[in-house]
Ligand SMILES: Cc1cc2nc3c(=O)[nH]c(=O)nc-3n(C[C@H](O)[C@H](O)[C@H](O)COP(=O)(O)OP(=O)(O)OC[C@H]3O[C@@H](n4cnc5c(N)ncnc54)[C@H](O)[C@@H]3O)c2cc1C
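First, one chain by itself in structure tokens, the form predicted alone.
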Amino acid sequence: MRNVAVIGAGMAGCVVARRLVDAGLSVHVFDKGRAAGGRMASRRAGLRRFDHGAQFMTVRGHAMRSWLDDWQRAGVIAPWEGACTADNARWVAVPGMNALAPRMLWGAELHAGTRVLALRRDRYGFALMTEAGPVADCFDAVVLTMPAPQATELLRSSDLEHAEAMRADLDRVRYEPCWSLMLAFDSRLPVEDVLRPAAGPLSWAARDSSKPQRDPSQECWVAHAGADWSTTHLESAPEDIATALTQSFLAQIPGSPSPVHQTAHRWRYARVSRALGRPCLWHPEIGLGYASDGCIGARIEDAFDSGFALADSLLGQDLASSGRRP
């Protein structure tokens, strides 16, 4: 096995790609977004920066902790002091949450803005069909790391052995959506860096400009709506959502000024509410696998652990088939 396609460039896809590249494999990563990172996303509005997806990472297990020193030495993560708890550090990528992905994907070939529509397999390997047409390369294995419903849709359009069994597994995964609100103000608001509203549609709000390597002169906030409210308003226009959530945010801070910037973004598959309960899926007969937070749980580390497990499975098969020892 020498040529692998990874579809999805969130944390799970980045981990798989990093480990396969380090093992000497050729890796192509495909993502429909404009940049790698998945929900570890950042957005700019002029001089302002917003982490409008995942706000931070916590690290509890050995696998991800073993990578922390490398990330810190490279200067791509730092603790978010204003949000750390007494028993757990909260880590953020710097200067934005999407900064970690390029570090992890070094050595892989990233195809951003590329939506894969179908997979085909013959005696030479996998072929990928995209919106722009077929990919020229042929792949020995394909790894899917997008949210389970998107992986199911791709498998449904692909005539593959074992695809039905994988789809049945992925159909058990459930997600909750989240509307994310980005706000900016001309002056600093007289509140703590993290707010947890007790009532109303918002479940979380944080001063994004308090994170390390952010510009503290830019008063930037990110707020997340709760799952129930986001579900009820899932198909509403972003402009209407921004207005409603801004009103809710301002109600938490009496006398606060009007924002100079407000934007809403919908995350349809924001948080895993029912995981598969297995570290990953791997069908060695055809070289098809799946990894994501949907396999284990809702945290970024769950996506990391799932990608790590799938890389183990793939590399273990490669070593066994070549007669080498790990």
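Residue numbers here begin at 1 and follow the sequence given. Remember, it's a predicted structure, so these values are computed and weren't measured experimentally.
Just so you know, the form predicted in complex with the named molecule exists too; it's not on screen, but the next bit is about it.
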{"query": "The named molecule in the predicted complex: contacted by all of R44, G96 and M104, heavy atom 4.5 Å", "finding": "no"}
{"query": "Per-stretch contact check against the named molecule in the predicted complex, the hit in 141-149, 160-168, 71-79, 238-246 (non-hydrogen atom, 4.5 angstroms)", "finding": "141-149"}
{"query": "A9 within 4.5 Å of the named molecule in the predicted complex, heavy atoms", "finding": "yes"}
{"query": "Touches the named molecule in the predicted complex: G33 (any heavy atom, 4.5 Å)", "finding": "yes"}
{"query": "Non-hydrogen atom contact Q218 with the named molecule in the predicted complex at 4.5 angstroms", "finding": "no"}
{"query": "4.5 Å heavy atom contact, A264 to the named molecule in the predicted complex", "finding": "no"}
{"query": "Residue (of R48, H28, R271, H283) lying close to the named molecule in the predicted complex, criterion heavy atoms within 4.5 Å", "finding": "R271"}
{"query": "Heavy atom contacts to the named molecule in the predicted complex at 4.5 Å, residues of 200-228 in sequence order", "finding": "H224"}
